[in-house]
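Take a look at this single chain in structure tokens; it is the form predicted alone.
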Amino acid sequence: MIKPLKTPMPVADAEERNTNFYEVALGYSHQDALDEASRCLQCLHKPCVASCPVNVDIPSFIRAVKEERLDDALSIIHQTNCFPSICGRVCPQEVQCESTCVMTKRYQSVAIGRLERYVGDHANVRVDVKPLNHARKVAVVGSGPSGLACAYDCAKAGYAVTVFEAWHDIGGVLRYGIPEFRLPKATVDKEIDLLRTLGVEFECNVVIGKTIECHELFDMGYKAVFLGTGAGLPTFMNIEGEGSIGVFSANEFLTRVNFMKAGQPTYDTPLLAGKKVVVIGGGNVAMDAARCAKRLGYDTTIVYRRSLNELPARQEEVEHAMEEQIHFELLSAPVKISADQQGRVRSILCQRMQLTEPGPDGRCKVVATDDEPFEIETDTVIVAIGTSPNPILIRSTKELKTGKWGTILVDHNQQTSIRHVYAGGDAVTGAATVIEALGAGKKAAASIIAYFSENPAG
């Protein structure tokens, strides 16, 4: 008898978790994993694999879980994805692999992400460490998901890889952008340690484009360069009062909370003043910022210009935010931020919005209603409406061609306009998902490996 519903994910109590940053989703037990693995139909055509950005052999690893061959399951995942514990937690499986699961024709999909996390958390890693060819050095710029994926595959191929990171610790957005309650830093550290085992070296506090110019990497003996510099430049609304004291980008807010311990009174990085926070936006970053603010003790409201059905954040994150008593002002758009005589935020003025009939693309436009604007009293406004690529490297490397929005242009092999310089992740696509960034890093690594294979003396 097939179970129609996914095996539930145990979660921490909503009232209790509002007081701490401990992980909310607690992970499957051994029996949970066996029960869920038994729901997989082992489809012949494997549609879930085709809809995974890195093409994990999902049925095979699930079969190994069902047969209690957990280490084999991890080895299968590691063939294409070096970060199962991370991806199992933060990837939007519901719109990728799980969306094409054959079970959805009658029931709920198999909980692929939850099983992937279980394997990553509990299996023993098997590593085939090859002697490194130091004549084939690869420089990876940025230690976010795309850079780490490229480094992993190049190191597995036996190349000497160095990852250059501008911050003082490794992980990029995995460390500074995603809160502890969704992705514990210990999990990030554990999966990065796999790269160290393979011989990958890390150089922190190095800003390529300032500390070292991109072309200098070739002078240092590197034969190929991968640019995974991310999308760390925040977008703002350009409304009156946006320069007031107490207006943050979500990037700054999350970085200060995750990376600088700004929410802890014993650290010298104070963050918020007052009692109320308004977060603008409806994506995962907005949910992360709002849920962090709630845990710091602030009455928190999310303002989003579309309806609940159009919220781009993962359904699970929205549900968790609602359980945590975060307020939602939907179909509302900010028009003005008001400040007191000292220039500090005191309120935000919003306009009620409405959705039009769907256009040819099936998407509804958002237009203002005739209602009078309404005011929300607040001490802090956090803007989470998007980001664009980090401009430092781009501005210093004139030969690097970019697109309209400042994204690095690449060909079908992830190669940029500079020979043997590759790029991927948010620096190329703009803000996207962790797994899509991993896929781009892997594709670039495949191109680097092909280049070395075709040039034995290179």
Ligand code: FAD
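Because the structure is predicted, anything quoted here is derived from the model rather than measured. A residue's number is simply how far along the shown sequence it sits, counting from 1.
Missing here is the form predicted in complex with the ligand; even so, the following discussion is about that form.
E191, E252 and G386: each with a heavy atom within 4.5 Å of the ligand in the predicted complex? So, no: the whole triplet misses the ligand.
Which is the contacting stretch out of 279-287, 215-223, 354-362, 193-201, given heavy atoms within 4.5 Å of the ligand in the predicted complex? Heavy-atom contact with the partner occurs in 279-287.
Identify which of L74, A166, V303, V318 has a heavy atom within 4.5 Å of the ligand in the predicted complex; exactly one of them does. Spelling it out, the residue with a heavy atom inside the cut-off is A166.
Since only the chain is shown here, I'm wondering whether V206 would be in contact with the ligand in the predicted complex (any heavy atom pair within 4.5 Å). Result yes; V206 sits at the interface with the ligand in the predicted complex.
If we define contact as a non-hydrogen atom of the residue within 4.5 angstroms of the partner, is I178 a contact of the ligand in the predicted complex? I178: contacts the ligand in the predicted complex.
Whether A437 contacts the ligand in the predicted complex should be assessed with a 4.5 Å heavy atom distance threshold; does it? Within the cut-off, so yes.
Determine whether any heavy atom of A139 comes within 4.5 Å of a heavy atom of the ligand in the predicted complex, and answer yes or no. So A139 does not count as contacting the ligand.
Across 222-236, which residues bring a heavy atom to within 4.5 Å of the ligand in the predicted complex? Stretch hits, in order: G228, T229, G230, A231.
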